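Two forms of a single protein chain come next, each set out by itself as structure tokens; they are called structure 1 and structure 2.
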Structure 1
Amino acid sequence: MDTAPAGAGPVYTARAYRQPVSRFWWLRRRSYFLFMMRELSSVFVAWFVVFLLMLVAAVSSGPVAYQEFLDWSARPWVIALDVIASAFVLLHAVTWFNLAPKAMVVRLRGRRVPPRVVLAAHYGLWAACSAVVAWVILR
């Protein structure tokens, strides 16, 4: 209740009721948990971008800088961070691919392509790209 000028009576200001929410609401359901993990995975995607930019900078700076980067990358905490980041990036990719058939409707000759086909195409293309990258790195 706020005070009003003399003689005007009390002024009531209404505030919307906000139900208290637990900080761990996202642990109640598996779908909420996956949603939060997917949101968190964007931090690790950003880490990989920074890591790759640091790699490119080291390679472009010469062999000494590249060797220093490799030495830094071999530290246990960097390896642990990369392993955790890989798991989160994998979760990010899988949840994105599972969402794709729902988010995009593909039509071919006027007919809707079944969502399973769209999903299989995404995973197939992902596997093909991974195979090409593995071939380039491991040859």
Structure 2
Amino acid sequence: MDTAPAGAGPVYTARAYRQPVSRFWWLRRRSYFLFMMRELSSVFVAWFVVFLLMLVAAVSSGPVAYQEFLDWSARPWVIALDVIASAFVLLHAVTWFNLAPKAMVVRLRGRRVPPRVVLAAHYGLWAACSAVVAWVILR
């Protein structure tokens, strides 16, 4: 691309013009912004792992440490952070499941399972998992 024949006078390097893309290109359109928010949900997924490990460590350390964890998690800033994190994690879950019928082509006896069924199966599985987890924790 950048080569000129040797000995053919001065060498001009030609480069395809690339329009610079702004660092904040994702603020330009609603769909780009939603895409970025979906990607950013991963930060709150990581925060949840930290939160979960703190809970596990507290429970395994004994009743006093567990109570301290409960008191800490009831501080306003922790609740606020967890409310924001929940919103992002829900955005992740909904966008993830809504993409599933496009990402997964399921065939049963040679026939393609309709995308609506794949979508419904994912939401059904989500409801079942949530119910089992809530039952195990709260029973």
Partner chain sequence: MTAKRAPAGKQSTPRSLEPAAWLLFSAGGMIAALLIPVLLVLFGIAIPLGWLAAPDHSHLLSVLHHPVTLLVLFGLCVSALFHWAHRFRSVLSHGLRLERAGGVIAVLCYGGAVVGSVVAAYVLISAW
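Numbers given to residues start at 1 and step along the sequence of structure 1. Rigid core: the largest C-alpha set superposing within 1.5 Å between the two forms. None of these values were measured; they are calculated from a predicted model.
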Quick check on the two chains I just loaded: which one is the form predicted together with its partner chain, 1 or 2? 2
Per-residue C-alpha change between structures 1 and 2, Y123, threshold 2 Å, rigid core fit: no
Hey, core superposed, how many Å does R23 shift at the CA between structures 1 and 2? 3.3
